[in-house]
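To begin, one chain is listed below as structure tokens, in the form predicted on its own.
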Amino acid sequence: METTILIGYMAGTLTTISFLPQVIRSWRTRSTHDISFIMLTLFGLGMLLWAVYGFHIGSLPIILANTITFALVVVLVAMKVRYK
């Protein structure tokens, strides 16, 4: 595997995994009070745009990392609405 692609997979894995503790904590506590809805919206839009960019340039690491992270953001937004 090319070094650049490997770096992309590692970066994507780390940034996606870094979002998991917040999702898990929110799920367990049933609380999203301290999470900004505006931040989630902007972050989610950014992840979606990164995924679209990844499709345009044909970069699987960018597509995977940002699609998965976008899905986690959607889960947090759903929890934010449900636990309000």
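Residue numbers here begin at 1 and follow the sequence given. What you see is a predicted model, and the numbers here were worked out from it, not measured in a lab.
What comes next is about the form predicted together with another copy of the chain, which does not appear here.
Mapping the unseen interface onto this chain, Ser59 falls outside it, with no heavy atom inside 4.5 Å of another copy of the chain in the model of the complex. Taking the partner from elsewhere, Ile7 is found to have a heavy atom lying within 4.5 Å of another copy of the chain in the model of the complex. Although the partner is absent here, Ala11 sits close enough that one of its heavy atoms falls within 4.5 Å of another copy of the chain in the model of the complex.
In the model of the complex, Ser31, Thr32, His33, Asp34, Ile35, Ser36, Ile38, Met39, Leu42, Phe43, Leu45, Gly46, Met47, Leu49, Trp50, Val52, Tyr53, His56, Ile57 are the residues of 30-60 with at least one heavy atom within 4.5 Å of another copy of the chain, listed from first to last.
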